[in-house]
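Take a look at this single chain in structure tokens; it is the form predicted alone.
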């Protein structure tokens, strides 16, 4: 199931007193629930906040033994990590899939071993009977909200846009592009160029430098699939002698601290939130599935969106 569009809210509190082992899982001798977590990597501020949320939720104090792997955004390394978890006989596996495709075989192996899989953050295209549940954000709606702001900001005015895409083949890159394109239909916005910046600040800067060399001051708008790429682009825009947020308007997605600071400073014009603090919700789902509870296939976490005034007000108390 490529797109997950459920609207079920997840309670933040973890269930008390639940534990268990999957049929094929060995677990820990000390009674802890052993969970293998296959993270994408550490490509952004969002990802770092997500990792810290997961580690805090899957702590020994909460009844877990976490086996953590970050795949450095290499799909083959992430699949190898999941196979390692299966061989170790963990009780459950959590995956933030780097890309949507290519998961059928290893998910079937986990199912055959009796080890339930919970997806977090990103989705995949495998049959939904190969995993227990997913918790994350509605990436398509995030793209739509960014596009709605752009369409309102520019209206019918002829507007040249460049796009910094996320990792090619990933759910957020695919869905945020689709949502944004839908929202700007009928507006005056025209896409000059669109390339991947791999969700990283360094690549965002490099790709934006190329856009500026090619199109210069003809660029009116930048849409970045995440804040880190937008922040890299800001460096390139400044180096080109232009003023980010004024000469080139910027809309991005995530609302991590550095992005919100740039928004407060007027260098980004609008940010749609993508909440990285998913750990408690995922831990709850793992405990539920091991207890034999019936789960929804998808749980979507609510997001906000912010302008400059919001950023100035919220920054002092933002948890990420």
Ligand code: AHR
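Residue numbers count along the first chain shown, from 1. Since the model is a prediction, treat every value here as computed from it, not as a measurement.
Absent from the display: the form predicted in complex with this ligand. The rest refers to it.
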item	value
Candidate stretches 42-50, 283-291, 59-67, 260-268 - the one whose heavy atoms come within 4.5 Å of this ligand in the model of the complex	42-50
Partner proximity in the model of the complex: residue 205 to this ligand, non-hydrogen atom cutoff 4.5 Å	no
Touches this ligand in the model of the complex: residue 122 (any heavy atom, 4.5 Å)	yes
Any non-hydrogen atom of residue 172 within 4.5 angstroms of this ligand in the model of the complex	yes
4.5 Å heavy atom contact, residue 139 and this ligand in the model of the complex	yes
Heavy atom within 4.5 Å of this ligand in the model of the complex - residue from 85, 223, 199, 211	199
Residues within 4.5 Å of this ligand in the model of the complex, restricted to 239-255 and counted by heavy atom	254
